[in-house]
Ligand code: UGY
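Have a look below at one chain only, the form predicted alone, in structure tokens format.
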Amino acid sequence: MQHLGHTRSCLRPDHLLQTPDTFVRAALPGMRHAYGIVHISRAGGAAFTQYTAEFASEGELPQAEDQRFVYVLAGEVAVDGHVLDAGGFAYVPAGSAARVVAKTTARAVVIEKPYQTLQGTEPPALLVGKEADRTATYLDDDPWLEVRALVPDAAACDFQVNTMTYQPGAALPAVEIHVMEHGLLMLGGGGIYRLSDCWHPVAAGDFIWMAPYCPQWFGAVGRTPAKYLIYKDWNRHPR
């Protein structure tokens, strides 16, 4: 419910905070029995597109011209016949004929990006997996800050997608400023995100886009862990 036009959503030249009260759903071309909540795209200044797909049973995404990453939030989604439930993910190469079809009502993160070739490497192949099966590592050896890499750190891959889980009170050790841009969806818990010179309270369901060189920092607040899914471009020269 809107309260006299108030929202935590905020747009600045180098970042976007989009909260669920401001989400707008629309069927994207080629979708069947599904809607998309477009969080960021080239129209917003990003070099990639990220949206949440909301499916009815048997809902389907169109074939993607660009490479696509899918992370299931709820329900069951089949990617090229592989059935994924919550926490399941898939990487689909550009131009692949792999179908993305919901087996039940479902929700999924979808990230699409034109593939940047790299001389001497072959484009990555279809990949499916489960977040829980990925090896956990710890940022700066801090066991209260867990990272799980969902896309291999291989030269063939031009982006990465990770989940990051912060125990209550955990925080990034420093403000980061870098050439990579981010798309981030809060999966659980909450905290404070510094973006440029703004300090934003964030909670599960919020989306954040960070432009290249946007100062950024996060600290978890509350009694439950904070967790998010985060995208960044990677392994390519920034020219």
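In this text, residue numbers run from 1 along the sequence as written. Since the structure is predicted, the reported quantities are computational estimates derived from the model, not experimental observations.
Unshown form predicted in complex with this ligand; subsequent notes refer to it.
- Of the residues 53, 187, 40, 210, just one reaches this ligand in the predicted bound form with a heavy atom at 4.5 Å or closer; this is 210.
- Distance criterion of 4.5 Å from any heavy atom to this ligand in the predicted bound form singles out 172 from the list 64, 172, 204, 192.
- The three marked residues, 166, 176 and 230, each reach this ligand in the predicted bound form, with a heavy atom inside 4.5 Å.
- Stretch 177 to 185 is the contacting one of 65 to 73, 177 to 185, 44 to 52, 28 to 36, since its residues have non-hydrogen atoms within 4.5 Å of this ligand in the predicted bound form.
- In the predicted bound form, at least one heavy atom of residue 216 sits within 4.5 Å of a heavy atom of this ligand.
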